[in-house]
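Only one chain is shown below, in structure tokens, and it's the form predicted on its own.
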Amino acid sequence: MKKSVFYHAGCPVCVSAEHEILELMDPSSIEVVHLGEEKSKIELAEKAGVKSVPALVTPTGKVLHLNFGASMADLKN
């Protein structure tokens, strides 16, 4: 089974969303990617359609943008 990917930047909005997602879903079905620490994955997130974080990319490729923590442009700086 393909996993969902939860992208975030480590800000309070993102960390709160991460905790909620992990409570709602089976943690083994989610890959959590901290883009502030893993900048090499920013391009992959953008290719998946992520415009801002926190965001959840589902196994079917849908991007669910949750709240607003940071834009992808902010993460590149």
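These numbers come from a predicted model, not from an experiment. All residue numbers refer to positions in the sequence shown, first residue = 1.
Here the subject shifts to the form predicted in complex with another copy of the chain, a form of this protein not shown in this document.
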Legend entry - Partner proximity in the model of the complex: residue 56 to another copy of the chain, non-hydrogen atom cutoff 4.5 Å: yes
Legend entry - Contact flag, residue 66 vs another copy of the chain in the model of the complex, heavy atom cut 4.5 Å: yes
Inset, instruction - Examine residue 11 and determine whether its closest non-hydrogen atom to another copy of the chain in the model of the complex is within 4.5 angstroms. - result: no
